[in-house]
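First, one chain by itself in structure tokens, the form predicted alone.
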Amino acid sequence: MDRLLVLVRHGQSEWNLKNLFTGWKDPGLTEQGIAEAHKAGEQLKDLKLTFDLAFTSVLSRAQKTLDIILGELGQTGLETFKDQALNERDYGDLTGMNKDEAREQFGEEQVHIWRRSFDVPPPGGESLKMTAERVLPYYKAEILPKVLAGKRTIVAAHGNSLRSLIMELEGLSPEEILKRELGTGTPIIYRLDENGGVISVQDLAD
């Protein structure tokens, strides 16, 4: 049985390009982001991968990325589940701020702590720990059982919601996952054993 799970971060968004904290805001993809999504679909097609199910967040940049990938695979209309549990981390009061301006206002060290600590949230927002506390129960209840049943599954989501999943899948520490950079529009392919452990991982950025 092929227990396939593919994770892909959305392509570059308009706010990624402008270096803004995005969180739960809903900017669209840039031309580069659209091209990244097409490339992701082409990479998966070259590997002859197809899917039985898809999961994504309620934010359009992830949904559009998924739609483009499925279009490349000839799988438009694939059964897709959308849930805010897979949304990007909420950056609270930082949302919409330019990251350089935030450093000027709050200090470089404080902004670095908010961005790269595991359990310190920005004002009014979520830490990575808090993000994981909504992502992982959804993964264990909704996604993992389907993968274990042999449903080949793709998840199109966001940098921090996917970090939560990668931390769980690869058994990484908070320090290790915070150093993990996820490229926009780059698929990561996991094959799991019958207990949900990782047999193999292939990062198509490599």
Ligand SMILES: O=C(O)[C@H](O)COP(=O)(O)O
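Start at 1 with the first residue shown and count on from there. Note that the coordinates shown come from a computational prediction; the quantities given were computed from them, not determined experimentally.
Here the subject shifts to the form predicted in complex with this ligand, a form of this protein not shown in this document.
Using a 4.5 angstroms limit between non-hydrogen atoms, residue 115 touches this ligand in the predicted complex. Taking the partner from elsewhere, residue 160 is found to have a heavy atom lying within 4.5 Å of this ligand in the predicted complex.
This ligand in the predicted complex comes within 4.5 Å of a heavy atom belonging to residue 99. In the predicted complex, at least one heavy atom of residue 16 sits within 4.5 Å of a heavy atom of this ligand.
Residue heavy atoms within 4.5 Å of this ligand in the predicted complex occur in exactly one stretch of 84-92, 69-77, 117-125, 130-138, and that stretch is 84-92. Contacts between stretch 24-46 and this ligand, counted in the predicted complex as any heavy atom lying within 4.5 Å, involve no residue at all.
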